[in-house]
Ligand code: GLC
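As a starting point, one isolated chain is supplied in structure tokens, in the form predicted alone.
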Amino acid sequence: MPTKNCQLHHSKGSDKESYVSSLLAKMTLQEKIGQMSQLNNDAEKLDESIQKGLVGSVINEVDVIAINRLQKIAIQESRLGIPLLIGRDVIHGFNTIFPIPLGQAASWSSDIVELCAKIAAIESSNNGVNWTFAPMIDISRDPRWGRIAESLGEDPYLCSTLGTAMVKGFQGNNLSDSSSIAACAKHFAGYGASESGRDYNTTNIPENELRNVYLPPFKAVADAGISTFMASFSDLNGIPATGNKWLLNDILRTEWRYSGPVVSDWESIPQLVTHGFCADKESATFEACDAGVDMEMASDNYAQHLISLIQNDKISIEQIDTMVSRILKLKFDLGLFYSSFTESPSSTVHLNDFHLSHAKQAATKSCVLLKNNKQTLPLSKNTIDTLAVIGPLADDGYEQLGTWAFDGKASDSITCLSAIKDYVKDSVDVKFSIGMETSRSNNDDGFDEAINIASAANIAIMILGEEAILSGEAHCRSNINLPGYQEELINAIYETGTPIVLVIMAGRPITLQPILPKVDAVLFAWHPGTMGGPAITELLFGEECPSGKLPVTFPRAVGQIPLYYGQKNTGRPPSEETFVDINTIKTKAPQTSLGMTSTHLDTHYSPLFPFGFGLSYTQFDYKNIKVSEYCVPMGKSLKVEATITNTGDFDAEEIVQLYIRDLVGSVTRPVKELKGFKRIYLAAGQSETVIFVIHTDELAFYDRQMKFKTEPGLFNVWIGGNSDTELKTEFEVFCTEHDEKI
């Protein structure tokens, strides 16, 4: 890792507060506003603006020579020599690309997520980047939303745990280390609840739901010391987040005592006018600044309008000083005042063996086995003469990288086709047909070749899904089936009689119900990144055993959305006894015969695959769940344990999950809530007793008065391999005399 060097502006041990106060006292108003301005790397007169001290940050420059040149202008040619924040969307890797965040979440591994972020920080900081706009910790329960790919899934607990791990990976043990970069929690808040799954759309979230579901991951990373927050594009309950003082000031700063900078999203300040929240850009500037947005990304409203707002006493100079000091303190924490230049990138940093090895491991652990009929998988190259590999994503290094992979290269990817050929070598005849030009193709032009090679093969591996362009920001879908003619291609290969192993690369859950009966095995690989090919190949051939679990529910049909495991029970919950499928009714029926429960008449109420689901090549048996004590005093802990046995023939890892239900609350509670998980390794035939410890504080929620507390009462508790587990027991939390007096 190269060292950074520049002229010293202070000693490392200088007091941050006094240094920043001293610097702030020397600044003109224009220079202060300059610190509050982030410009794109192609901004007009960028060099001149930096020289005048009118820029605090530059976004989207990754060339180390260009970055050093900009830092030199800032440090050596501007009046006060204040270094720049260099921002970049380093979302799931820099040059080494890891699985998309939703894929990383499927690993259910803090260690894997943390190391992915650490490697991304090492590679990007080696090019001069010092600030990333990740993690995205929006709770995401609508798979139509393109940015679900960038999320960590639907659950507050999982998202909080993995989001905190990602922050630790980016920021390291010390933010001033040369390989650390500042992380940014986005999008604050509620962005994942955009209506209809359409990006930038309105969100209406009751405060109780906001506090119990959407805010916990942000609170977790704030407590973990994240450096920055980003305000959301979206309208939250009638007030866009970028101008939402209750959100940015009352919650974030007053309640949570967060003291770092808040940055707007791209041009979200002038968009306050588009929302209809402000009449003009000057009023938009006021609302954003008064709400607590410290830095404006890309647009120039602060530069154009803050001075007049101060002159008209609408914004005080004290407010500006407070906001600028937050930015300067971040630069101090990053060590930029004593070390701003980056030496030429080391060739041993980017895409080195260790980074690629972890990229492969992350992809391996993130793949989820959804179906494996009659143990089709794993394959054996010793029993296959001819293998057909079919699909537009089988040999496309670019598409397997997924969304938000700006600095990854297709040429660095190892595809499934190349990895399979390398693995089987001359022992198996591998035939390839693209089948369709792209995943979106609406014709059968390539079907004949695919049918021919499948007909002559022992196994057809079909690698289908979504191209990268079909997910991510502003890439939302009204239907989430396999796009184009992919279902028709599967049907055509099914007619050959050759067993089908379906590998899906996608940025979201896909509605697979129409094609599931046609395929023998399904491995869901998300967009797996640079090393996706070798990871998938080793899983297919049994060198590794699948262990990923779904971080988000897979619906049967798009009409079920939103569908998530932590739903409320309703007054008329569905059950097998009450469910009536209208398609099975052959004659006219009175309305009272239709079940009268919370369900759809044309689709079973359950998901296709539940949250936490994932098969293995072995089987795990869960037994003997018990609690250390049935009655637990408020303020104390209890242990919950179960015995897990690997009853199959493969050594494998299992992700053991703990769920609870608060049966009665002052506000209705979810039917299940994830409260713990552990990844364990069991050899074939081995058993392990897994123990979870739950403190009553972990059962707290926001009540009717928005007070965060645990309420006494009866709780169900489950331990299992997914959220649909039935192995449960119960315990009761009670108040002692002391608690009641308080």
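This structure is a prediction, so every number in the text was calculated from the model and none was measured. Numbering starts at 1 and follows the sequence shown.
Below, we refer to the form predicted together with the ligand, which is not included among the displayed structures.
Contact with the ligand, judged by heavy atoms within 4.5 Å in the predicted complex, is confined among 315-323, 265-273, 438-446, 75-83 to 265-273. Heavy atoms of F233 reach within 4.5 Å of the ligand in the predicted complex, making it an interface residue.
Heavy atoms of E473 reach within 4.5 Å of the ligand in the predicted complex, making it an interface residue.
In the predicted complex, the ligand sits within 4.5 Å of a heavy atom of K186.
Among residues of the shown chain, D520 is not one whose heavy atoms approach the ligand to within 4.5 Å in the predicted complex. The candidate site formed by W108, A359 and L550 is entirely out of contact with the ligand in the predicted complex, as no residue has a non-hydrogen atom within 4.5 angstroms of it. In summary, among the residues K365, H355, R141, R147, the only one with a non-hydrogen atom within 4.5 Å of the ligand in the predicted complex is R147. Of the candidates Y423, F133, F432, Y617, F133 is the one whose heavy atoms come within 4.5 Å of the ligand in the predicted complex; the others do not. Taking a 4.5 Å heavy atom cutoff to the ligand in the predicted complex, none of the residues in 615-629 make contact.
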